[in-house]
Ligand SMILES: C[S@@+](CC[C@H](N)C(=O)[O-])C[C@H]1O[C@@H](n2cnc3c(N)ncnc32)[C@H](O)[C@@H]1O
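Next comes just one chain, in structure tokens: the form predicted alone.
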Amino acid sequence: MLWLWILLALLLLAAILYWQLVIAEGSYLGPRVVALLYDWAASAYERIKGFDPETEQWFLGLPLAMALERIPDPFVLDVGTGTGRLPRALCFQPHFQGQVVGLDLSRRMLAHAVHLLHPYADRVTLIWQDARFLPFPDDTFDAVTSLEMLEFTPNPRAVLREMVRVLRPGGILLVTNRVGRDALLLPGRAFSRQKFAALLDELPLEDIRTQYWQVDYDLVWARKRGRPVGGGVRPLAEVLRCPDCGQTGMVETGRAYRCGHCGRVCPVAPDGVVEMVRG
């Protein structure tokens, strides 16, 4: 009889590990575990996902470029950029003539993004940082996007607040909401369509619109309330906020950004990624 209990215990352990590491992708174990899992999968990520370029352009690149077409030199932030899926789709659009900052906590995913974004290297900056601590002042970007990332953060509500904080009045928010069967296995991380819309409605957002996209994800669009003040790309040193003291006005010194207040140095790696992760 003992062997039966051992077997049941092993099956239960396997189910918990599958839930934690495959479905939840380590999100209940902390951001570092999530980043580690993506680091391990980075070299195969594009092959696993099998993104279709035409679909990416039709549902992501084109509508976002059109939404920004009246803004001169739009400035875009992609949170949880991974291998640069959104920046590629957007920069491919001839109507888009702005700049994109991509931010992610997985360093190896960013390394692959550098390679894949090579044709747009002069228009995309990649930053290694946690989405919970966006290193920018309020009202910085004309659009903030995040695809298939929110449910893998410890507090999706807080990350959404951060994204809206750095969005300029009149700016566009484009995020995904996890739906489908597996969403039920992500308590506190995934939300029903109604709850997600209500969550966004608590923020200074308007024109909230849900678009059915994939079996597991909706696309959700919104606009930040207020008189539009968009347009104009600012130098990175001007908009970076020190991850230690929170002050703006980093100074570019060779291959690094140095905080003029506390002295924190954020190096620029040989591949061009700005490394800001907190110790």
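Residue numbers run from 1 along the displayed sequence. No experiment lies behind these values; they were computed from the predicted model shown.
Keep in mind that the form predicted in complex with this ligand is missing from the display, and what follows is about it.
Quick one: find which of 77 to 85, 191 to 199, 164 to 172, 204 to 212 has residues within 4.5 Å of this ligand in the predicted complex by heavy atom distance.
-> Looking at the other structure, the answer is 77 to 85.
Proximity to this ligand in the predicted complex, single hit among L117, L186, L147, I71 (heavy atom within 4.5 Å) = Comparing distances to this ligand in the predicted complex, the residue within 4.5 Å is L147.
Among Q93, T140, T125, Q129, which has any heavy atom within 4.5 Å of this ligand in the predicted complex?
-> Among Q93, T140, T125, Q129, a heavy atom within 4.5 Å of this ligand in the predicted complex occurs only for Q129.
Is there a non-hydrogen atom of V239 within 4.5 angstroms of a non-hydrogen atom of this ligand in the predicted complex?
-> Taking the distances in the predicted complex, the answer for V239 is no, it never comes within 4.5 Å of this ligand.
Could you tell me if T153 has a non-hydrogen atom within 4.5 Å of this ligand in the predicted complex?
-> Looking in the predicted complex, residue contacts with this ligand include T153, since a heavy atom lies within 4.5 Å.
Hey, in the predicted complex, does M109 get a heavy atom within 4.5 angstroms of this ligand?
-> M109: contacts this ligand in the predicted complex.
Using the partner position in the predicted complex, report whether V179 sits within 4.5 Å of this ligand, counting heavy atoms only.
-> Result no; V179 lies far from this ligand in the predicted complex.
So which residues in 89 to 116, when you check this ligand in the predicted complex, have a heavy atom no farther than 4.5 Å from it?
-> Sequence-ordered list: L103, D104, L105, S106, M109.
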